[in-house]
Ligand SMILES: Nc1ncnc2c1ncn2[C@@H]1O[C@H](COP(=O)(O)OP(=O)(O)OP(=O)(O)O)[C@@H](O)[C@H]1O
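In the block that follows, a single chain appears as structure tokens, in the form predicted on its own.
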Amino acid sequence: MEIDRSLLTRVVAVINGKGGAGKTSVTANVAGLVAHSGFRVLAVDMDPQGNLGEDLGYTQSDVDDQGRALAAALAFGQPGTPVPSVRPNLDVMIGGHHLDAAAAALAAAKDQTAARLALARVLQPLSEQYDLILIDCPPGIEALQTAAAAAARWALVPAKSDASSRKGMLDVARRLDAVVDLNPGLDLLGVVLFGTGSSAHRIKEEARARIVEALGAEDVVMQATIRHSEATAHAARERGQLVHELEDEARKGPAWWQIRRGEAAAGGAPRTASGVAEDYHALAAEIVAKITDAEAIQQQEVPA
């Protein structure tokens, strides 16, 4: 199966071998912000849990097919059919429990090369419609993780500061090595520290140092980090809103003294949304900058 890698240069797999590391939150919020800035973005939900739908607010809506269309595309070679305009400039290939059957079919396929390239085949004809494609990878389903890694030009690894999350990051390194024969251009875009305390500078620096030591490169850790806010995370999932959308709502809400005086009702977006939104803005900008810088360097290296 021939894959034109020049069409997949802006495909990013958001991946970690451990659940709860922030993959879905990073995928949803970065996709939403890049789309909000005017770029055309596709988010691909490869997780049978389908949690991307909760962040983007389409769970149990008319468009939520629980991954049926994506599973058919992966397992049977049908064309990929993104759901358009989940947000302006943002389309989604929806995940859900049907992807379990797709994973089983890919794992059992006689032609394992074709199985590993299943997602690359789906994305190749769609890629020219988009400026960026983000894949939300499942934490532990090998066939789906491998298909995502084989389709991507870049891997972005959200990781918490704990040892278990770092172990999941090393599992990712092994997964990337497993597809190098099919996808030799796959590279690590970076590791992003997720769910850190806003004032936990020592913990963040220690986590950075351990990641650098484990991966053997100084520039592997993204400068942007995503702080922990239980209130913001809960509100985003409950409302199906992205963090920058919560920030807009919080900015329009009443001041604390108006609530205290009884002049306005409480119940708006959490005030912590502003800080978390700032983190996601920084991460989205850093991702775009790293990809465009790499493309510029590659163009300079091409002989005239």
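Quantities reported herein were computed from a predicted structural model and do not represent experimental measurements. Numbers follow the displayed sequence, beginning with 1.
Beyond the structure shown, there is the form predicted together with the ligand, which is absent from this document and is the topic of what follows.
Annotated contact segment (heavy atom within 4.5 Å of the ligand in the model of the complex): 231-239, selected among 231-239, 66-74, 31-39, 244-252. Taking Leu176, Ala143, Leu90, Ile226 one by one, only a single residue has any non-hydrogen atom within 4.5 Å of the ligand in the model of the complex, and it is Ile226. Among heavy atoms of Lys18, some come within 4.5 Å of the ligand in the model of the complex. Using a 4.5 Å cutoff between non-hydrogen atoms, Gln49 counts as a contact of the ligand in the model of the complex.
Although the partner is absent here, Val276 sits close enough that one of its heavy atoms falls within 4.5 Å of the ligand in the model of the complex. Taking the partner from the other structure, the ligand in the model of the complex has a heavy atom within 4.5 Å of a heavy atom of Phe194.
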